[in-house]
Structure formats: C-alpha cells, structure tokens
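The form predicted on its own is given below as one chain in structure tokens.
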Amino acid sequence: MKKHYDWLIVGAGYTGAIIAERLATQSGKRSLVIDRRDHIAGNAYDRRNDAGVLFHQYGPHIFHTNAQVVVDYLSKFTDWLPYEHRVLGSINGRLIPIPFNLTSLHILFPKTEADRLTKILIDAYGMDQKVTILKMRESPSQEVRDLADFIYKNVFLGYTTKQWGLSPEELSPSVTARVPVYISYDDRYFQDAFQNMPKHGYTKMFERIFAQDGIDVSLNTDLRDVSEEITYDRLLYTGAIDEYFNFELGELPYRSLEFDFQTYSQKRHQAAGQVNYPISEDFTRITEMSYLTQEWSDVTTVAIEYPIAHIPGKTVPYYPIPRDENLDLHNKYAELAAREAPNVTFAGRLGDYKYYNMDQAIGRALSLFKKEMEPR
C-alpha cells in the first residue's frame, strides 16, 4: 500500500524546510520533503573539508535582516555568532571598502580633492546616507556626476558584466538604479539591525528545522521517483517553474557559478572576509570562510568565484537574470500554473523566479504558510 502524505515538498532548502516545519508543528500535517541532492539546506549547505575547515559549498551565505519575525523564527533552531561582513574591492592596485564610501574616496583620490568631494557629497545628501549612482548622475553638480561615472566604471561595470555575462544596459534598469554609494565612514557591507551567523553552521540549523514529528526527508530523490510510490493531497514545488512544465513556454535563463576552493597553511589569507575584483581577473570575488564561521586555525580556505552560463541539468541555477522579457516569461508560466496546476504551490527563488536574500526567502515562506496553509 502506498504511503499517504498531506504534502509532498520538492526542495530541502529554506522554503521547503520552513513550510514542512510549520505544517508539522502548527497544522499537524505530514510532509515528505524530497531533494535531488545528497544533502539538505539547499545552497546554504555547509560542511567540513579534508582540512577540517567549515565552508559554504555553494558560495558565501551571510545572514542579515531587519525582520524581527525572521530572527525569532530561526532563533528556535540555532544560536548565533556576531558577524559584520566587510568587503574590499581591488581598484587600480588598491583595496577600498565596498560599497564605495568616504573611506574609499580618500584612498583613491589625493587628500585635497577627497576632502573637497566629501564636503560636496555631505552638503548635497547628508552624512550617513545611501545614494544610488543613478541619483548622483542626475546631480546638478558636474563633480558629483563625474564621481558617479568614476564609481560606475571602476566598481560596478566590470563586476556586473562578469556577474551576469551581460552589459548593464542589457539588464533591467533596476539593477543599475540600486547601486549604492554610502556617504559615511561605516565600512560594513550591510547596515541591517541583525547581523549574525548560525553558531554551528547552516546545515546544523536545517537539521533542527527538519527534526519534527511529521516530516520525512528523502535525498537523491526526484519528483518522478516518488510519484508512483506515494499519494499526497498537495504539492509544494520549490524547483524551477519552467522545468515543472517541461519548458513548454521556453527556458527561463539563470546565471550559475563555479568555485575554486583553495586551502592554505596560514591563519589568514586576506584582509577581509571578501575581496571583489571588478576590473582585474576573470573571477568576481574571493571569500575567506574563517571570517564567516569565526573558526580560526593554522589553515584557511577561500572560495574563488567564477560566474558561468547556466546549463539546465548540468549546473546549479543561482540567479534569475533580471531582464524584463524574463519576468514576462515567468508571468506566463505563473498563468499556466494557475490554469493547469491548481493543487501545486510554487515558491522559492526558482519557483518565484526572484533573487531572494536568505531573510527574504524565510519571510516569504512564513508569509505563504500564514496566508494559504495555516488552519483557520
């Protein structure tokens, strides 16, 4: 006899884990969570390498949020380590804070010019304010416009082109519009109220989320593998929505990544957790894992990150590509889903075709449960 579940959940990342936990603890519903990979936690998965270094297998995941509901939820499953992420950019042989700020200005420009530009920026926008390059380019001051162009060309243009394989003009205008310049000496990459890392790593946190009565997990498992073996009432699909429909309307494009992990016999390899290379090199950034995990020893591991084209079935789809035509195609898939798959809920970065930060993915999952799944 086939085993019956209230929900079949495809994907053991944030969305699948949180919905399964909420269904089990708040609704008494049984779920089977399946994932093609051999591990839980999705792209947040971390593990120890042969040198004993805890590293993020799918690239750096830094937790930050202003949403207290997200903090309260995750804090049930993990303790925290304080961590404020700092990023340096290699510009013309010098390392400057990213996002570009007043310290960056003083490193790259002669003191007299940097002092003058600092006063112009503070007078125009105020201290401790974030201003987009787009807004600076609209300034009546030629000097502000020239500075905006300098930042665009040296900090944003090359990095973005490598990241997406497209020029900024080929992307949605919102990408360029939100590039910040920070009128401040605060060199933290994020200014969120809550900036911490899971004390024992992301995978341990996910293990605790899944450790509820009413949740079964099956890894190395595809949707096709279980469709003949179980029955279920509803399906939550966190995979790519176009794949679910066998690319009936065409493929939604993604950008993927390739990582070169290097381990060195030294306590520290670079001056910050992350160093970006917007002008030089084929890679975009190098992240040193010990900064993130706060575990220091006589060896250290870095992740050298190369953006690559996504090939369905061969590479991991990391980033939905922000172009208007891609969003239009996703909307057509959403309309198809509403017509032909009324018992399927699509969610998550791939299901929604949206680039969620971790806290956004968690907030979306909690909101989805509350609105559509919570007992009334």
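If you're wondering where the values come from, they're calculated on a predicted model, not measured in any experiment. Heads up: residue numbers just count along the shown sequence, starting at 1.
The following text describes the form predicted together with a small molecule, which does not appear among the structures shown.
**Q** Verify the flagged residues Phe194, Arg208 and Gly363 against the small molecule in the predicted bound form: is each one within 4.5 Å by a non-hydrogen atom?
**A** No.
**Q** Looking at Tyr291, Tyr237, Phe156, Tyr254, which is the one with a non-hydrogen atom within 4.5 Å of the small molecule in the predicted bound form?
**A** When the small molecule is considered in the predicted bound form, the option within 4.5 Å is Tyr237.
**Q** Of the residues Phe150, Tyr264, Phe259, Tyr185, which one places a heavy atom within 4.5 Å of the small molecule in the predicted bound form?
**A** None of the other options qualify; the answer is Phe259.
**Q** Heavy atom to heavy atom, is Pro60 within 4.5 Å of the small molecule in the predicted bound form?
**A** Flag for Pro60 set to yes.
**Q** Taking the small molecule as it sits in the predicted bound form, is Glu243 in contact with it (heavy atom to heavy atom, 4.5 Å or less)?
**A** Answer yes; at least one heavy atom of Glu243 falls within 4.5 Å of the small molecule in the predicted bound form.
**Q** With a cut-off of 4.5 Å between heavy atoms, is Leu223 one of the residues that contacts the small molecule in the predicted bound form?
**A** The answer is yes: Leu223 has a heavy atom within 4.5 Å of the small molecule.
**Q** Taking the shortest heavy atom distance, is Leu23 within 4.5 Å of the small molecule in the predicted bound form?
**A** Although the small molecule is absent here, Leu23 would stay clear of it in the predicted bound form, with no heavy atoms inside 4.5 Å.
**Q** If contact means any heavy atom within 4.5 Å, which of 35-43, 338-346, 307-315, 323-331 contacts the small molecule in the predicted bound form?
**A** Heavy-atom contact with the partner occurs in 35-43.
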